[in-house]
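To begin, one chain is listed below as structure tokens, in the form predicted on its own.
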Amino acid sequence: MKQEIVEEIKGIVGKDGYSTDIADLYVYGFDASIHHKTPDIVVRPTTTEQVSAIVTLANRTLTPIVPRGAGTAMCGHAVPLKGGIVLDLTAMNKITEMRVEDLYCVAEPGVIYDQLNGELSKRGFWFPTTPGSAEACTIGGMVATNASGMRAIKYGATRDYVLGLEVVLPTGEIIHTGTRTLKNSSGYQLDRLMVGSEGTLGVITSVTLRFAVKPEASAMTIAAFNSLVDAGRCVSNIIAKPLLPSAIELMDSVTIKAVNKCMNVGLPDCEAICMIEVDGHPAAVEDEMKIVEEIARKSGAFSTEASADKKKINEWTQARKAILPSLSRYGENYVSVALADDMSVPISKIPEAVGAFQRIAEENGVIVGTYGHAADGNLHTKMLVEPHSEESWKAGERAVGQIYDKVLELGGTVTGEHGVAITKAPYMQKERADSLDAMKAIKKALDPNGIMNPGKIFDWEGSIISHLRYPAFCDDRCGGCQKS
């Protein structure tokens, strides 16, 4: 990066507001994905005006710029493929307004999800999307990826709570979208366009969110099955009752074994479990738990265990959230990687989908752990690969392509909550083939110089086994080893 650009950035944010230290640059080349690429500079603004000035500079000098929250994204969203500026927004971390009487609050992008819910909980409310990285992920990152989690079946995704945004466009212009009212029919819904745009259309600097009343009570049942397909069938049977749970989490034998090995929580040793949560009025919760257990047994569960104890429910939930790190200890030579990791299918297609995933894994000689937020059809398939083995990576990529072909055949989508970025790009391009030109036209209109998070989504080309963070195997475009 030219020194005059660094000096101009220093003039905007001060000497403590940026870094070109090699250790900082290396760390900021990662997110939670398999990818890595080192940026030229990390900038830490504290105000919208600073963001606007930095983006204006980037646009004028044609410098790539990548907005970043906590770096919990799974697909390479915050990886600076073209170098340039990583814009760390975590210092913009204030809740600037709280209006419980109007059911909204205003937060800066660096506010952590759990921090916001801690404040809402004091008032009897919550923002219920419940991402798996709740203790770390930021509100800005959630908006940028349209994040959600285990409770989306009942409470929806981030987009369902965004009332308005403050956004710095790629030209540096500051705009305000949406309103602070619960209903809005005024013009184009630009806030909806920005939600899920993954930093390619602008930088989110303030979020107006609606919130919900926190339920009085909740309870959870663990249902154990000798068949993954039966567990999938249980999910659709509960929804068809009709009964709307707050969550149904599915785990297969691979994930159960990994979590039991690492956490010693004593989950049932079986082919699959469903963790089924209901919430609401205490009497309704009690009645619905009985119905859930009955449906689970009729669907093939050989045992059920129910609890309304918050400590027990939290223990089970933490076991479910521990799947990703636990899988990396499944076998001595394996690491758990996010390849085909958050597809969604129609709820009734879950049994067919999970059965197909098992067959695909066996045919390709790979180990796949299947789990996910099954209540809304959102499944995760973490793959175990040998990081030193090129063939292991290639087998994984073959399996990924087949998994996504099956998902699309079933009427599903390649990503339910994690977004596209790099890891999903080729498969999203196949899914959205007839609308890619429209997306590119929007991108071109708002970002004519292509500075915002370049190289992602519809601009990605080639294999996803690229720019790897694993130095033992990488292709000639690698940004994760000594070549970077």
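We number the residues from 1 along the sequence you see. Here the structure is a predicted model, which is why all the values come from computation and not from measurement.
From this point on, the text means the form predicted together with a further copy of the same chain, which you will not see here.
Colleague: Please tell me which of R297, K394, R329, R192 lies within 4.5 Å of a further copy of the same chain in the predicted bound form, judged by heavy atoms.
Modeller: The residue from R297, K394, R329, R192 that makes the contact is R192.
Colleague: Which pick from E305, D160, E119, E315 sits with a heavy atom within 4.5 Å of a further copy of the same chain in the predicted bound form?
Modeller: Checked against the cut-off, the match is D160.
Colleague: Using the partner position in the predicted bound form, report whether E431 sits within 4.5 Å of a further copy of the same chain, counting heavy atoms only.
Modeller: Judged by the heavy-atom cut-off of 4.5 Å, E431 is in contact with a further copy of the same chain in the predicted bound form.
Colleague: Check whether T415 has any heavy atom within 4.5 Å of a heavy atom of a further copy of the same chain in the predicted bound form, and answer yes or no.
Modeller: Yes, T415 is a contact residue.
Colleague: Under a 4.5 Å heavy atom criterion, is L169 part of the interface with a further copy of the same chain in the predicted bound form?
Modeller: Although a further copy of the same chain is absent here, L169 would touch it in the predicted bound form, with heavy atoms inside 4.5 Å.
Colleague: Using a 4.5 angstroms cut-off on non-hydrogen atoms, would N378 count as touching a further copy of the same chain in the predicted bound form?
Modeller: N378: yes, in contact with a further copy of the same chain in the predicted bound form.
Colleague: Heavy atoms, 4.5 Å, a further copy of the same chain in the predicted bound form: which of 384-392, 333-341, 82-90, 193-201 makes the cut? Say which one.
Modeller: Heavy atoms within 4.5 Å of a further copy of the same chain in the predicted bound form occur in 193-201.
Colleague: Is a further copy of the same chain in the predicted bound form close enough to F125, S148 and A240 that every residue in that trio has a heavy atom within 4.5 angstroms of it?
Modeller: Yes, all three are in contact.
Colleague: Does any residue in 252-284 get within 4.5 Å of a further copy of the same chain in the predicted bound form, counting heavy atoms only, and if so which ones?
Modeller: If the 4.5 Å heavy-atom criterion is applied to a further copy of the same chain in the predicted bound form, 252-284 yields H281, A283, A284.
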